[in-house]
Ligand SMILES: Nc1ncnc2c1ncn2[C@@H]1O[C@H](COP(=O)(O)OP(=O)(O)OP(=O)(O)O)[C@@H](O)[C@H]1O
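Starting off, we have a lone chain in the form predicted on its own, written out as structure tokens.
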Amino acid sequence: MIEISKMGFQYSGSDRMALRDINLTIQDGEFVGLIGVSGAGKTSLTHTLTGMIPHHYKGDFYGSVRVNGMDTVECRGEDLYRIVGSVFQDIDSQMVASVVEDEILYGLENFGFSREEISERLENVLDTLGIRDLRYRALSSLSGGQKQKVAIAAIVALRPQIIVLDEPTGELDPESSLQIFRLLRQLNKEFGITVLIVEQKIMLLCEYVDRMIVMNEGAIVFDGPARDVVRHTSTFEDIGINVPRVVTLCGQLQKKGLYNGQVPLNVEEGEKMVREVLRGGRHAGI
């Protein structure tokens, strides 16, 4: 479980708070999406979970961040890394090897697992992520989506309880982005891994996450089920976040009194909403 209480952080040399009065609890097994404009504090928040703030990025730190009861300021990095795995926005900067198999083996060997355990985990993760055919490929020959899968595989092989990802689909095409989210949902549902993902593609968040957190200027603005959060379209527009078109259409129909059902989160639900409105219009003689 992640527990953040009255937490704030200001980078050394900065004249403003990067994070302000963050109070947040994430239960084991949740799939949480984090969204906000550039500079909202999303990446900084993820850094507090991995211990990079305040150990790597220096500044003034307030409050507390606990992961499975461990204070991220006081605990050893090695202890935290066994629980929290992270995938960076710049995936190439995370790669340490030149071949897929070696990239996955790197973390396992550094954590001192036995040869038998390493072999078992390698074989398992290749199958789980569907990348067995990439095993001996050079990382430089992979597509962006394939690299993301390898990066996630290297983390999953360590079997962390929590995975934190910072915009993993930023450079990917729509189909590759869907593949990454499907994979994350599989890891979340089948293995109970807690997933916290920073993402700008709000339609993907709406469809896949259990919970959505919206940040602005270092603070949490909204936190709740995606369907409840995206109702606040005017606030989203004020802070510069585009809501899905089906949500905008829903708001317009509700204002005109034509629809009073649940907010649609994807195209299929949007189509259902439109059909319901059209049926209502015909019944009213419109």
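When you see a residue number, it is the position in the sequence shown, counting from 1. Since the structure is predicted, the reported quantities are computational estimates derived from the model, not experimental observations.
FYI, the form predicted together with the named molecule isn't displayed, but the following is about it.
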Stretch in contact, per heavy atom within 4.5 angstroms of the named molecule in the predicted complex, of 41-49, 222-230, 60-68, 236-244: 41-49
Is the named molecule in the predicted complex close enough to Tyr11, Val37 and Gln89 that every residue in that trio has a heavy atom within 4.5 angstroms of it? yes
Please tell me whether any heavy atom belonging to Lys272 falls inside 4.5 Å of a heavy atom of the named molecule, as the geometry stands in the predicted complex. no
Spell out, yes or no, whether the shortest heavy atom distance between Ala18 and the named molecule in the predicted complex is within 4.5 Å. yes
Taking 4.5 angstroms as the cut-off for heavy atoms, does Glu167 touch the named molecule in the predicted complex? yes
Against the named molecule in the predicted complex, would Gln200 count as a contact residue? Criterion: heavy atoms within 4.5 Å. yes
